[in-house]
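Heads up, the chain shows up twice below as structure tokens, two forms, tagged structure 1 and structure 2.
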Structure 1
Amino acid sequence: MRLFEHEAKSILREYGVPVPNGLTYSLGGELNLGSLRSPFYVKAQVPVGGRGKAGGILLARTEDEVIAHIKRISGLMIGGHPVSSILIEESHVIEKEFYLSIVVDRTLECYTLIAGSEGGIDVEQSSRMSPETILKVPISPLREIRDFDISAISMHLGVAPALLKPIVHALWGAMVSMDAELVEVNPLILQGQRLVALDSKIQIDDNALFRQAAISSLPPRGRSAEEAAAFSQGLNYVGLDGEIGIIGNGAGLTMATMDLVKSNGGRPANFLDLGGGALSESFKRGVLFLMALDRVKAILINIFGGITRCDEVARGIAAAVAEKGYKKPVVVRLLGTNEPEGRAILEAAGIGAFSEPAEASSRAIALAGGRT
């Protein structure tokens, strides 16, 4: 689960990390800037990056400008997410900005402390163009942060160890206690004799939410409105930007189907895995969900029936096709348990079934208006 910036900063503040003074404004509420001093930064709260480039972070020098910026930002969609709240903060003079984070490094099977001598919105580009600006320090989960870890990033950033030490230990404390996959500060700015976290990101491991009562009670984050709607229907769904809706029974088969469509010149509209042993009602829900998406021009269903029964799948597809007013083409590849029964059900509903995935893929691409 990805936290909003104001939530991440609230956690870091509890661990002693200096953050700008600010307040969170809920859309439609009353604005009271209180004792905040101008100028202000008005910042959209969405669980994705790229807010600045999308116009979601604006500078205001007066309360009237804050109000105008709130009206402008509140209508934005950033990375598929509507703006649900806005953070208003005091601005800070920046002497130097850095990048600092701790991540779960699955390749090395440990934590990794990452320090960048150039922070800000283009840190990813800086790391590609100037990899020498990034230092990565592996941290075993069996030990704490040590002074030599801090010394390494101190020399890399050119910041006194005494300034860095409390910040690094605070990030480590939040990382471990919150079961986080990522704790990031970008930029971490130098201001006189202190470091201040101007922006922060925290991502909690979904598998550990049962240990994080305060976090697990929050609405799901990191999903688009479309994905949230699918989640509410019990669908294992990820939205993409193509025109061919894809359903499979098993994550590997579903991803292979997406690759097949892509390699044949089509564009997958989604990942939708209904899993092994899924019942007809699940397939009906999945097909109806994809049919309701404007960008989906054709639906490709790839089923290899092991514990999944082909007749059960076919009943769900047939029921969805018979539903109110949906006329989008459905292409099915069907193979496995109770296959003859499944094919008979589909044929009665006017749907042919292929045995080979490549043939089904080509047909779906053609029906969606792509090349065969």
Structure 2
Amino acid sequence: MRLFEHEAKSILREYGVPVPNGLTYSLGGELNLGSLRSPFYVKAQVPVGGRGKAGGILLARTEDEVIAHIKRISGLMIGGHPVSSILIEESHVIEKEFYLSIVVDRTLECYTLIAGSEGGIDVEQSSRMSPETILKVPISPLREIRDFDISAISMHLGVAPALLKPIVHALWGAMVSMDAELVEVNPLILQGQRLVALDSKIQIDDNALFRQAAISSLPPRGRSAEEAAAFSQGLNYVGLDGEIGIIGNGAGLTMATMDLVKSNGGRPANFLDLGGGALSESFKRGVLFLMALDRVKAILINIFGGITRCDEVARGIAAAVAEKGYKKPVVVRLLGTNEPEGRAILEAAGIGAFSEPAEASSRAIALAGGRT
């Protein structure tokens, strides 16, 4: 889960990283700049990057300008996301900009500390053009950050270890105790004898939300209204714009089913992975959820049962189709654990099951009105 900038900054502040003075303005609320000093930055809060280029970050010198900027920014859609709130911060004089982050390194299977001597919005470009500006320090999850790690970064950035140490330890502390996949400050600026994090990104591991109560209680974000509705029903769902509703078990098979529909000339309406070991109730919920979407003309369910049992799948589908007011055709491909029981349940409900995914997908496309 991607945190908004203001959420990330309040976490960093808690861990001891200096961030600009600021306040979070909720759309439609009262504006009270209080003791904030001009000039201000007015920053759109969206769960994606590229805000600056989309006009989501503006400088204001007076309160009137702040109000005008809020008006302009609050109507923006940035990367498909409406602006949820606005952060208003004191601006800072920048002497030197750095990049600093800790990330889960998939390749090395450890944490990696990344320090860039040229931070700011162009850090990706400078890392490509001048790789020597970037230092990567792998840190085993079995240990803590030590002074020699700090010293390496200090040499690379040309910043005194005493200044860096509390910042790096704070990022590390947040990374580990918050179950983050990424803690990034960019730019981290030097102002006199002080480092300040002007912007920050934190990404929390969704698998860890069960033990991150403070994070899991935050409002959902980065999802369309449809996806948020699916999420609230416990469905692992991504909306697309086609007409064939897709349900699979396991991300790989679900994606392969979408690929198959696409290569046969149909268009997937969604990705819905009910996962391993799903019970009948999830299948019922999934089918009913897709049925309720206007654009869905037919539903294709592709199940290869391993830990998922075909009888559970069939019971859920049969229960959904038996609901009052159920319409839309369902095409099922069923194979694997407890398959005969599953087939019998579907048969009793008047639903035929295919064993070939290609046949099932062609049938679903035909029922949805043919190739597009």
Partner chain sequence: MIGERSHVMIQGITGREGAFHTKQMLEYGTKVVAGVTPGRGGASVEGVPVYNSVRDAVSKHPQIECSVLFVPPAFAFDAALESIDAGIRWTIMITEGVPIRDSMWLINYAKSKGCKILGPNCPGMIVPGKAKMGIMPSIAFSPGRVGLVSRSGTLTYEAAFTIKRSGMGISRAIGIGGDPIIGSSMLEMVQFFESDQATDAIVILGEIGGRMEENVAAAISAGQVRKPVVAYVAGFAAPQGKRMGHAGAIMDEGQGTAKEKLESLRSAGANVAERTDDLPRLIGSSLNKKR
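Sequence positions of structure 1, starting at 1, serve as the residue numbers. Everything numeric here is computed off the predicted structure, so don't read it as measured data. Each form is matched to the other, and the largest set of C-alpha atoms that superpose within 1.5 Å is called the rigid core.
In this comparison the chain labelled structure 2 is the form predicted in complex with its partner chain, and the other chain is not. Once the rigid core is overlaid between the two structures, G352 counts among the residues whose Cα shifts by 2 Å or more. S140: CA moves less than 2 Å between the two structures after rigid-core fitting. Core-superposed comparison between the two structures: the CA of F283 exceeds or equals a 2 Å shift. For M255, the Cα shift between the two structures is 4.4 Å when the rigid core is held fixed in the overlay. Lined up on the core, A269 has its CA atom moved by 8.5 Å between the two structures.
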